[in-house]
Ligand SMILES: Nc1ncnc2c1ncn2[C@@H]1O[C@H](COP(=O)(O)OP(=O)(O)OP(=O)(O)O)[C@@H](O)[C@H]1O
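The chain below stands alone and is given in structure tokens; this is the form predicted alone.
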Amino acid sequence: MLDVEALVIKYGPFLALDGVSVKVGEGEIVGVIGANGAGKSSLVRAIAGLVPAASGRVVFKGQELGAEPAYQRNRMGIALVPEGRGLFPRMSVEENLMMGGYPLPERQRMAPNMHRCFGLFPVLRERRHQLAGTLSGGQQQMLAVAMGLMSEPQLLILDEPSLGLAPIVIGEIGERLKLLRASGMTILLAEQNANLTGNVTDRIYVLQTGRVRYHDRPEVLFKMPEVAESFLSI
């Protein structure tokens, strides 16, 4: 579904990504892990169209995205749940979900999509009229994921969904990701939490200083001493 080929991202003289290649097949959850500054957010933002590439290609469902703007990539089926959640704190849960569904070409699809999100995250139904900014951190993250799902994406990209959450909440997020995979959703997960990533993904890319250092299934990667020592403690 997604092919990132030799992607180079620069911020002025700073090289954030240096020839990174990543593939995500339909129905997979693929993880990207690495320390702060490894290039995870630059990668997912480039895929979503928020950061221009200096060189390389992003191909989605056989179509090279080139200079397609972020809003057009969203309409094509790519949804990014950004680091920091990107909620509208003074709007209700329900209003935030409606904003997530804004790209839908048919308004009548809004209600069934919201119903699906409430089924996946029941707490959001209970708090549908509550302001998003008053939710707990875990509830806000659930709302952010639900907002991404509202546009009916074919590829859901999550950037650091565990950031700032308690371990029990991280576990809940992981279980929801497994449910999404069981439903056929394709997910690219950029995470600093290697344990969460290892529990939910089919394959993992390990980024280090803007390059792919390792790539394999989690059960293989995490048996490698150099990976376990450097990244399982992240």
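Sequential numbering from 1, following the sequence displayed. Predicted, not measured: the structure shown is a model, and the values here were computed from it.
There is also a form predicted together with this ligand; it is not shown, and the following applies to it.
Asks: Thinking of this ligand in the predicted complex, which stretch from 32-40, 54-62, 194-202, 173-181 has heavy atoms inside 4.5 Å of it?
Replies: Among the listed stretches, the partner-contacting one is 32-40.
Asks: At the 4.5 Å heavy atom threshold, is Ala16 in contact with this ligand in the predicted complex?
Replies: Judged by the heavy-atom cut-off of 4.5 Å, Ala16 is in contact with this ligand in the predicted complex.
Asks: Any chance Glu152 has a heavy atom within 4.5 Å of this ligand in the predicted complex?
Replies: No, Glu152 is distant from the partner.
Asks: In the predicted complex, is there a heavy atom of this ligand that lies within 4.5 Å of any heavy atom of Glu83, even though the partner is absent here?
Replies: Yes, Glu83 sits close enough to this ligand in the predicted complex that at least one of its heavy atoms falls within 4.5 Å.
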